[in-house]
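To begin, one chain is listed below as structure tokens, in the form predicted alone.
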């Protein structure tokens, strides 16, 4: 008999969906931010920095909760290649959620920009000013952002595949609300 849960804990599910909404918002804010010189630029920067730092804190909490509560097992009949893909994509998602804000912070520090969040909270610089490092981190932040967006789309496609095609209970493990005509993993 396994100790693995059949669903993620409620706090894990709430954090998943909150972070998903914030990450989608970050993509749009990031694109809007770099494509304008209008007066909305500075508020977008403030929102992007604050939300990015908040997401970094939330992903650390989420990882601690995953370690504490565990994760439901994947269906036994899922092909090994799909199980490997699920594990690798989740590692990449968590890695991106950690690396993206760190790149953003490093980029700002290397440009000698103060990192001031909502409420006037200032994060002290941990890197010296360097144009070369700033450019390197800016490029990494932008290109990883595109890769992260593609990974999120892949994650969404996999979720829809499990929910609508396989109907194997995988989506139910993270869903906030019960799904009609769902099947659950064999107990």
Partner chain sequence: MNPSGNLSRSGLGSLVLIAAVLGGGAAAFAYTAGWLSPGRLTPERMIAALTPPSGAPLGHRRNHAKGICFTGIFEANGNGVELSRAKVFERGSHPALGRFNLGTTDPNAVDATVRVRGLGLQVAAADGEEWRMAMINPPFFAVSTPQAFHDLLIASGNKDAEAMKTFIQANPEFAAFAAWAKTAPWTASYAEEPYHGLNSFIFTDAKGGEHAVRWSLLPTAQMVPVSQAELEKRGPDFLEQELTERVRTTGPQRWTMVTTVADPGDPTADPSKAWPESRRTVQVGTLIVQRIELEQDGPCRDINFDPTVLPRGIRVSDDPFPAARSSVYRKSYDLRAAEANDYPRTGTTKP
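Residue numbers count along the first chain shown, from 1. It should be emphasised that the depicted structure is a prediction, and the values quoted were computed from it without experimental measurement.
Omitted here: the form predicted together with the partner chain. The next part is about that form.
- For the candidate set 31, 58, 46, 65, a heavy atom within 4.5 Å of the partner chain in the model of the complex is found for exactly one residue, namely 31.
- Taking non-hydrogen atoms only, residue 41 approaches the partner chain to within 4.5 angstroms in the model of the complex.
- In the model of the complex, residue 10 stays away from the partner chain, with no heavy atom inside 4.5 Å.
- The partner chain in the model of the complex comes within 4.5 Å of no heavy atom belonging to residue 126.
- Remark: residue 103 does not count among the residues lining the partner chain in the model of the complex, judged by a heavy atom distance of 4.5 Å or less.
- Along 138-166, residues 138, 146, 149, 153, 156, 157, 160, 161, 164, 165, 166 each place a heavy atom within 4.5 Å of the partner chain in the model of the complex.
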